[in-house]
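Let's start with one chain on its own, the form predicted alone, as structure tokens.
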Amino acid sequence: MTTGNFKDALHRFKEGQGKIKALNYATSMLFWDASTGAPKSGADARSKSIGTLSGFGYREVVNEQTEADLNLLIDHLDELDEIDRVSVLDAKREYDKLTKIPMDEFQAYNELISKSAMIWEDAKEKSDFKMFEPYLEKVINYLLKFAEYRGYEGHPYNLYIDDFEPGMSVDQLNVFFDELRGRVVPLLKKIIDKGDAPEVTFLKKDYPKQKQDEASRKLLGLMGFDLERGMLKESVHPFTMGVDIDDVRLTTHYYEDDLASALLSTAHEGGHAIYEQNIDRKLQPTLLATGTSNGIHESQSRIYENNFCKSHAFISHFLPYLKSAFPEPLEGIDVETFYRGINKVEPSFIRIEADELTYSLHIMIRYEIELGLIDGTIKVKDLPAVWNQKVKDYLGIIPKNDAEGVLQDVHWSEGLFGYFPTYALGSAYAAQLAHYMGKEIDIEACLANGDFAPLTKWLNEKVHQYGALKKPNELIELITGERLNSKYYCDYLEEKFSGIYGL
């Protein structure tokens, strides 16, 4: 091939990436609208629109010209700069994935998951799994069919883990969860046996929604999220959408009888959002202007939510503001009481409301169920019973209904299998990053002053700026000098909760 052909191929490739980015933007806006107040009557129209846009995206990626250009660019990788090289390799991986799936089935699947998410929302509201069951059955059938089209090594679930956390496998996750289980479960048992439950009734009093919204915006500002380049709204299930570096959106959910829920959801989603806002602008025109993996992305939400915002140091700073905003319910509440209360360990039904210690158990429940659904050892119709049994086995409690049980999370309705394990990986990455950050910055002193700037700047420089340019293993090793090491997470949990409960 001539140099001219190579340059033409690179030009067409970049032009195509721009079109895909635009289509992703449009699809994201439809999803955002559906999740933040669009009329449910428009669900079918939105689903068809999303299906059509996904078809456009498919044809932009899968065609003879793109295949020829990618093959030519792969042959010239050493002539590309780092951004173009990684972009081409990612595009080739995506191309290979999509070309094995017939376009009509790909488009039909995208229509299905758009409708499925709306049905899930109704089913959750009515606490009726039977409404959702046929849709989930179809989603799983598509995933199994797609796995056969794409091909996989070992367990078919490996394919879907790798989609969200490149390089991860069932074998690695089994070892990871075994290690967590070996230290977290005994610690949880010690805490339960001690029976020294912190006071939490003050968190369950009357907290007006408008004041909570103001507190959420105050917290985001302290953390370093730029609301001039983003948006905070309310949705059933909190989420973050980074459609562009200059357009990052997040949601939370307010309960007027629960102060902690929205604040912690805002801190969590704020961590995701800060990541998306602080990617290097040289990546902005590319598809690399996003987080590198779900595990790394989750590390940013968890480090802000748990390591920072639920720390004794930050609470000592933020409590006076909360007491001025909510004088009646927080009257007489001191820092120690608030700190112990917001960090109370108690097995609970809802994952997003779970304490740090039991959170990984919620993830293990979903991980085990996902494995079973994909390999056929668990049937969709049996899910409520299977779910309830695992919750009983791990947490010692039984859900009263489907809404607080099997229907609580939206992810399966959207086909996001392989996604849940990254939540546990994120907590482990967060603890590892905080450990190494602590070698350079006095984290407690910063938080005690409400000064997130040095912490956010450190994360901007070490994590955020790279977007998806560096892959998970490469990034964590670049920052800490080692691969993922769950020791830091377990050490952090043992130190924090042994202190709170005087173990």
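Just count from 1 along the sequence shown to find any residue number. Being a predicted model, the structure only gives us computed values, none of them experimental.
Keep in mind the form predicted together with another copy of the chain is missing from the figure; the text below concerns it.
Trainee: Taking another copy of the chain as it sits in the predicted bound form, is Arg249 near enough to touch it, meaning that at least one heavy atom pair lies within 4.5 angstroms?
Mentor: Yes.
Trainee: With the partner left out of view, is Lys470 within 4.5 angstroms of another copy of the chain in the predicted bound form by any non-hydrogen atom?
Mentor: Flag for Lys470 set to no.
Trainee: Please determine whether Lys457 contacts another copy of the chain in the predicted bound form, using a 4.5 Å cut-off between heavy atoms.
Mentor: Output for Lys457 is no: heavy atoms all beyond 4.5 Å of another copy of the chain.
Trainee: With a 4.5 Å heavy atom cut-off, would you call Arg46 a contact of another copy of the chain in the predicted bound form?
Mentor: Yes, contact at 4.5 Å.
Trainee: Which of 52-60, 473-481, 66-74, 449-457 has heavy atoms within 4.5 Å of another copy of the chain in the predicted bound form?
Mentor: Selected stretch: 52-60.
Trainee: Identify which of Gly230, Pro166, Gly405, Pro156 has a heavy atom within 4.5 Å of another copy of the chain in the predicted bound form; exactly one of them does.
Mentor: Result of the distance check: Gly230.
Trainee: Given a 4.5 Å distance limit between heavy atoms, list every residue of 17-37 close to another copy of the chain in the predicted bound form, or none if there are none.
Mentor: Residues within 4.5 Å: Lys19, Ala22, Leu23, Tyr25, Ala26, Met29, Leu30, Trp32, Asp33, Gly37.
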